[in-house]
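Given next, in structure tokens, is a single chain: the form predicted on its own.
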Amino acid sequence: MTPPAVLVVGAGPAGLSAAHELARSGVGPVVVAERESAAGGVPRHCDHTGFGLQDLRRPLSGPAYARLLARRAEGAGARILLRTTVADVDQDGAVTLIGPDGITTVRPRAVLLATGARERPRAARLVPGDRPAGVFTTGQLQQWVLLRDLPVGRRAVVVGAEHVAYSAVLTLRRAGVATVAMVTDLPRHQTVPVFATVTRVGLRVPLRTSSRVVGLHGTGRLEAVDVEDLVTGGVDRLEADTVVFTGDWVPDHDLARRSGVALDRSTRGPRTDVAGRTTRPGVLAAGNLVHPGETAGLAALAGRETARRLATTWSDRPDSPSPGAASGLAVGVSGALRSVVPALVDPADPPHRLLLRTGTFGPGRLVVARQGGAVVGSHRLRHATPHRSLSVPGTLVAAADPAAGPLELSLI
């Protein structure tokens, strides 16, 4: 194998978009390592339309979107290695690959981590009860139905009411399974109103808000789900042979952590600056690994932006150094805000956007940036919804003083 100049780890929307941008910009060779047997990431399991609108400006089904991103990356000159796992990124820059041809060691000048995120399963959510069959995450359900064409059940409870929960309802419907309830501990849904209305009215799926699943029952196969009303304290037992736990995303950060990359305490993904650089020189990160739970389109745009910034500083000279470590002015959050990406910014070269998350539905929609107690910028949001990305322009921090200490963002 020709030694890569850049090794991209992960062939999901972020990784493939980054590889396409790097290769078309003349950075090369670019190699993408993907542990699965096909490129495309999660969208290849999602047989509904809506993919591609944010990054490609066209509506596509998930599988079609995944295939197109892979073709674009390879068409630009990137090489995709399937069934290939990156076992380690040593401190000296050596990267160990394990694939169909055995163990290989390469020394790229840069490694771009785009390993994505995963949903917390039932065990990590500490839901008590029996351990029957019929318990899925959305990703497991989609693979079960769309890739393996296996039977699922007849009656399902979906735990969650964000975007991916509504995707789970569609997958269940495709499998011939009736969704008897969606359950969220928040006071209302967290998706766009049209999705919620179509599901509630058109598909007749009831939404149980301010509620949580407190027990699973069944011998061999799931038979019932206990749902507690957090307002009254009452518990209802719903007959169901399937339950799908959706959302509650965790970055797939195992490789980043083993490689000595510092993690952000709020997102649990790598701590990055506006260029996607991590705290380790030569290692970058992008997509849902950095900010878990984003749409495929936003992940793709993040991968593209990281690649563009890398390409602008790239030199083909063999003695050119690898990208440096992350740098910039630290940005934190307070109050209802839970996280911000990137966590390091340069006011003279702000990011295109800052991505925020809030933990509660709040009346306030004004994001305020303060430095040393003084307001340096503000931006009004269209919505402030948990489990959905809140995007604000990077110019929010452009007036900050690089020498005046960290920034703090709050929602009022």
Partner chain sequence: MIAADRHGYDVAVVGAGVVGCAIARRLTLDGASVVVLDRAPDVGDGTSKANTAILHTGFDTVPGTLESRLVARGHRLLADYAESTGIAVERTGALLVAWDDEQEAALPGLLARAEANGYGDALLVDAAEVRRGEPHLGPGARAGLLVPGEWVVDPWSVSLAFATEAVTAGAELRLSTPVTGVDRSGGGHEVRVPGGVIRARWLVNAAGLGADLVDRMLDRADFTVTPRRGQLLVFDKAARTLLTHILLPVPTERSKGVLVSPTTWGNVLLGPTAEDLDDRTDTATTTAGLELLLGAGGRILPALVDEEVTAAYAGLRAATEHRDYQIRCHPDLAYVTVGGIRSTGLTASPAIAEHVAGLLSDAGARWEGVPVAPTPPTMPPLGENQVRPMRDPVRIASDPDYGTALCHCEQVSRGEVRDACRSLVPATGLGGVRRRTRAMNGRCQGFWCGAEVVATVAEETGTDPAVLTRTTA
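What you are looking at is a predicted structure, and each value in this text was computed from that prediction instead of being measured. Residue numbers count along the first chain shown, from 1.
Quick note: we don't show the form predicted together with its partner chain, though the next part is all about it.
A.B. asks: So if I measure heavy atom distances to its partner chain in the predicted bound form, which of the stretches 70-78, 191-199, 174-182, 249-257 falls within 4.5 Å?
C.D. replies: Single hit among the candidates: 249-257.
A.B. asks: So which of Val235, Leu203, Ile103, Ala325 gets a non-hydrogen atom within 4.5 Å of its partner chain in the predicted bound form?
C.D. replies: Answer to the contact question: Ile103.
A.B. asks: Let me know the one among Glu239, Asp229, Asp88, Asp316 whose heavy atoms come within 4.5 Å of its partner chain in the predicted bound form, would you?
C.D. replies: Looking at Glu239, Asp229, Asp88, Asp316 one by one, just Asp88 meets the 4.5 Å heavy-atom criterion.
A.B. asks: Going by a heavy atom distance of 4.5 Å, is Thr209 a contact of its partner chain in the predicted bound form?
C.D. replies: Close contact is absent here: in the predicted bound form, Thr209 is far from its partner chain, nothing within 4.5 Å, heavy atoms only.
A.B. asks: In the predicted bound form, is there a heavy atom of its partner chain that lies within 4.5 Å of any heavy atom of Glu119, even though the partner is absent here?
C.D. replies: So Glu119 counts as contacting its partner chain.
A.B. asks: Taking 4.5 angstroms as the cut-off for heavy atoms, does Arg304 touch its partner chain in the predicted bound form?
C.D. replies: Result no; Arg304 lies far from its partner chain in the predicted bound form.
A.B. asks: Quick check on Gln140: any heavy atom within 4.5 Å of its partner chain in the predicted bound form?
C.D. replies: Taking the distances in the predicted bound form, the answer for Gln140 is yes, it comes within 4.5 Å of its partner chain.
A.B. asks: From first to last in sequence, which residues of 15-40 have any non-hydrogen atom within 4.5 angstroms of its partner chain in the predicted bound form?
C.D. replies: Read in sequence order, the residues that approach its partner chain (within 4.5 Å, in the predicted bound form) are Arg35, Glu36.
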